[in-house]
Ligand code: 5GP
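Given next, in structure tokens, is a single chain: the form predicted on its own.
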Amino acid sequence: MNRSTLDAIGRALRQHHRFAILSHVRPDGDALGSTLALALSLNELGKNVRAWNEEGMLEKYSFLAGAELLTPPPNAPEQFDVAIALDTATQNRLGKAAEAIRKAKIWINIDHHPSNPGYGDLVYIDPIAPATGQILFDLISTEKLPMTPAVAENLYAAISTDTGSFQYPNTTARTFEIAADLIRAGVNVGRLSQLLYENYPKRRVELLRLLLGTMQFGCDDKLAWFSLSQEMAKSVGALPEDNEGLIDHLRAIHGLVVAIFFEELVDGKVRVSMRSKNEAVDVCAICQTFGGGGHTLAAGARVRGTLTEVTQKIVEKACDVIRHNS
């Protein structure tokens, strides 16, 4: 932990008044939970805070404490003392939220993606941290910022979702120690876990059924993928947020090394999500060759082309890497 950088960020949070907190497009639980946790903590200090995401608050996370604080960005840009990007590997992934900031005296970048180039004035990137929520816990604790039950709930949700409910290899003893501290701070684990993992809409299960119908294998069954077309998504009324976590059904297959989820977008691109079960097969490196990024075991990209075209070239690249490294 780089204490000097955290101290500098802590001073900026205390010295300034007007803040914008942003996270990446197509947000996950870490992005939303981290955004709300920091917004709620700063509110307790009497700060003027805006919490923005291009999609606003997703339906699936609308139960989180303070969810009403997180909104889509306004059409007219606003002025801020400090803009804070959370869990966002590249600045363009902030989308319209970044465009809603006319000017900020300081840009703070807090993240755990190793592909983050370090944009901003105050930068804290910890690629070892399993979630941005874990970094924020350290920031809030070491800088003695307010830690209310609502802040704790959002940090727990951020950490739990980005560690696969504390199952992924990046989960450490420190992660469990932080979880214990958050429980002591007021988190109701049973209630929160049920809302996070046993609260899916029916359409998500229908979507999974369609996806499994497209499932294919390659590379001696070390690679599996499925694909979602716009037509399929419309047929069950699926929202983009319904896709989160579905790739885990492929990753769970015995003997599999890499799982891929291809999603056709409306802008002539395909969203690619990749997961690896072997650190020798770096899916971040694969995605970076297509303009994306992420982590060694979990990464993504948006690639221009048809669903068929993108699937073919990504599968070929993944197979080549698997053959040479597993």
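Numbering starts at 1 and runs along the sequence shown. As the structure is a prediction and not an experimental result, all values here were calculated from the model.
FYI, the form predicted in complex with guanosine-5'-monophosphate isn't displayed, but the following is about it.
Handout entry: Position in contact with guanosine-5'-monophosphate when the complex is considered in the predicted complex, options N53, S273, S276, S41, heavy atoms within 4.5 Å
Key = When guanosine-5'-monophosphate is considered in the predicted complex, the option within 4.5 Å is S273.
Handout entry: Single option in V257, M57, A299, V49 placed near guanosine-5'-monophosphate in the predicted complex, where near means a heavy atom within 4.5 Å
Key = Selected residue: A299.
Handout entry: G292: touches guanosine-5'-monophosphate in the predicted complex, heavy atom cutoff 4.5 angstroms
Key = G292: yes, in contact with guanosine-5'-monophosphate in the predicted complex.
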